[in-house]
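Two separate entries follow, structure 1 and structure 2, each one form of the same protein chain as structure tokens.
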Structure 1
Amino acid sequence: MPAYNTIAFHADRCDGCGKCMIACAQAKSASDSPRRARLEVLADDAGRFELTMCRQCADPECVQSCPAAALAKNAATGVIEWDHDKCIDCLLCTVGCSFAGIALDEAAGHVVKCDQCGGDPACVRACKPGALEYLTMARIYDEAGSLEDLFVQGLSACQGCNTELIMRHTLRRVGPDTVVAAPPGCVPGMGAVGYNGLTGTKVPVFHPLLTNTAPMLAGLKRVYKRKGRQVTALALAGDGGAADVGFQSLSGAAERGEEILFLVIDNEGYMNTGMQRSSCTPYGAWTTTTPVGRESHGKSQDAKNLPLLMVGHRCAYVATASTAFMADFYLKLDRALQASKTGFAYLHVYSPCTTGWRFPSKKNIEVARKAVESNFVLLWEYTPAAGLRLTRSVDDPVPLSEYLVALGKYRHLTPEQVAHLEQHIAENVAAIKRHALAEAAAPPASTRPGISSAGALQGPPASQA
């Protein structure tokens, strides 16, 4: 059974303004009256808001209750459609619906219900607080759900490991014509490169040193090309192996434009060997090498902005991503895969670590989401032709405290340290915005001296994503 796009309601963001109802009434009934809307926001005695609208049920009672077959679920879109010519106005559908998703519009003289505005809901566009969201992740399930998982079952990752989630999604999407490089870290540590003569992947995989992942992968890619075989050269590296001892060779491969898809799984430290700090560990964080006590209060330096350093190499594609926003991740993975066919593609995925960050495994995606919503993590993408652009707004972030309170590695922070992090985040946001504005004002890459757009990503521009 296929998955379908849907409208989600975030009650904690709703302020009860009613603009969604007015927008719906204007779009569907040419009226400014909220009574003509096909959704309704209600408040309970405690001031909490609820939403009533059609949920486009998988097994809709309204359809079963209709004696005239005027209601039917569209197999392509998932929307329950109403046929005016067949409707006999018996209103039995309103009795069958348990969610008040279909109701009589007295002014129109017949029942009305949400049809998602053909995939561009007016209510969602009108909701400035973001309480309504049109979720399109059904595409991931429909397009990738049937693809083979190219990692074997039984990898020895920690319970709820976000790195394993990234690995499985990535390789399933990239496909079997792939050779994988996994330097020392959590990826080989959980058995991905295998042991006792067996591997944890269903594609060729090798285990380079921390220092030489990129050049070894580049050499393999060239060998395959000489043999006439087109394969994806995929690196699954941690932040330590990329930002620290492996940075020299990573930088060299990017400068040469090697045809590699280099994916960094950033869990902000050397987690596989005992949770030591890396240069990507944020300021103030507890690790075993930045302990907390009378003399030490966590890491004393800010994190290295490795993705922005890769932009300085003018790679064919650079992007940041998070598993809390899978539609964004898959879109960027597709673009990175395409870019790696002609140049160096770099994808930096932020990956909360339940063990090293000290939070329950069931909170993994929630932690990842709060990191982005608080601007601790910024989501953006870059190509030489289109420049840099944010793929998620950095305006109106949630308080940083909502993110920090979830993580044991930050429980010791003083107000002064929190203020330092807030200032650092503000500087990062300003720097990314300046970079995006500068790129937008620059001439096209193909007209700049010494710059070629041959490695630029083909396909729709970022502004149409």
Structure 2
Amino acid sequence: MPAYNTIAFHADRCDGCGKCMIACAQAKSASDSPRRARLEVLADDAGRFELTMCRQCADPECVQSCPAAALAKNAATGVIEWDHDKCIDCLLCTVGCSFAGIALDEAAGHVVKCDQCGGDPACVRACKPGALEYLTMARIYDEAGSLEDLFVQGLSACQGCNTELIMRHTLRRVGPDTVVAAPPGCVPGMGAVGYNGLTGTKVPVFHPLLTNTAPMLAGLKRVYKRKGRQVTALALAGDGGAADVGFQSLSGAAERGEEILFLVIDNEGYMNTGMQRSSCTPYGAWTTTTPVGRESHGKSQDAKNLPLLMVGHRCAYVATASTAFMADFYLKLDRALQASKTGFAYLHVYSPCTTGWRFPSKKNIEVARKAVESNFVLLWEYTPAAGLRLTRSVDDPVPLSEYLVALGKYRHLTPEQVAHLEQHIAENVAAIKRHALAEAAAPPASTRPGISSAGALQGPPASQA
């Protein structure tokens, strides 16, 4: 089943101005009365807002309830279309809908429903606070869904593994003209590089040393470039190999601008070898080499900010991403891929580890989301021309406790340790904001020379809070 564009409602941004309804009534009923609108914003007694509008259901009950074949879901757009000519005004569709997404318009004398204005919804245009958002990521999902999964089935990752999700999505996107290098870690550990003469991928794959992923790919890529062949050199590395023992070679390749897409899957430690500390392990975290005992209470240093270090290399592209925000991840993957054709592209994906962080496997995406929502990790992107830009607002984070409480590795934290983490997060946010602000003060990126080489950034901008 394909994915479709959709109108999202961010209740927290809504101020109840009602302009969306007026815009809808004007566009659809040539009326200024909000009662003629096909959506309704309602305030509850606590002043919170709710939206009533057709959700363009995947398996629409209204369609099944129509005796006259007057409703049908358009397979191309996903919009549930209503045919005035066929409608017999029986209103049975309104019985089928639990959301009042289709309702009688008394003045018109028939049911009405949202049709997304053919792809340019008037309500969204009218919504200044951005509470209504037309999400057009469906194209990306559909494209990705139609791409071949280039890893074999049956990789032996832990149940609910986020890393497997990341690498499968990544390689689908990056495609078959790729050489994958996966240094020791969970990616080879689950069999991606193959085993005893068998391979784990459908593209060429290599299991480099923990220390030499970047230069090894650099040599390969240079040769293909010399031969005039378009081959993507893709690293799927862990945070340990990238931030610790492999950092020198990563830094060297980045500095030389080797045309590599270097993707780091950050699970905050050496999870494959049994959950040891890495320099990306956060302060306070339990690992098997920063155990909790009488004398120590988890890691006593803060995590190294590897992606920010990569910004210091002025890579062609640097971004952080999370599987809880797949649309954002896909956009960044596209941009990274594009940037890797002319320079070093670095993508840092936060990847909660159910096994090593001690939480139930079904919670993986939730944990990933909370990490972002609490500002424990920040989502941003950087190019030399456009600078650093937050791709998700860091204002109004959820309390850190909502994130920490989910994870066994923080179970032992004392209030002082939590305070330390909060302080560290605040500093991190401030540092990233400084980077972002410095850029905002500069002239608009598009007028600066060099932006054209960052052609990857010409796609639609990610949602900006």
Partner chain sequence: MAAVAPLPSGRVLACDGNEAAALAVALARVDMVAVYPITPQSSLVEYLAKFIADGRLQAELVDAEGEHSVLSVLQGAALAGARTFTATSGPGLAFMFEPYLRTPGMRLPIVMSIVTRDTLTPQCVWGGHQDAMSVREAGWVQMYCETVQEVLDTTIIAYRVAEQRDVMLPVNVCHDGNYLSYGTARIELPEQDAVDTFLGAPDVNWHAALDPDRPMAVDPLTGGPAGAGPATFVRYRRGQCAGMHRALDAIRDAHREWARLTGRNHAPLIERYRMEDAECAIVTLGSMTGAAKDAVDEARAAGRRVGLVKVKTFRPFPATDVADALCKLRSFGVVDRSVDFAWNCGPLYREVVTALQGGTRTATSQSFIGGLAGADLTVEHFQRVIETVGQMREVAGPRDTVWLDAQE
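Not measured: the values here are computed from a predicted model. Just so we're on the same page, rigid core means the largest C-alpha set that superposes within 1.5 Å between forms. Residue positions are counted from 1 along structure 1's sequence.
- Working note: structure 1 is the copy from the form predicted alone; the remaining copy is not.
- For the motion between structure 1 and structure 2, Y141 lies in the other rigid part from T163.
- Comparing forms between structure 1 and structure 2, one finds the smaller rigid domain rotated against the larger by 27 degrees.
- In the rigid-core superposition between structure 1 and structure 2, residue position L71 carries a C-alpha shift of 5.4 Å.
- Taking the core as the fixed frame between structure 1 and structure 2, we note the C-alpha of R125 moving 8.9 angstrom.
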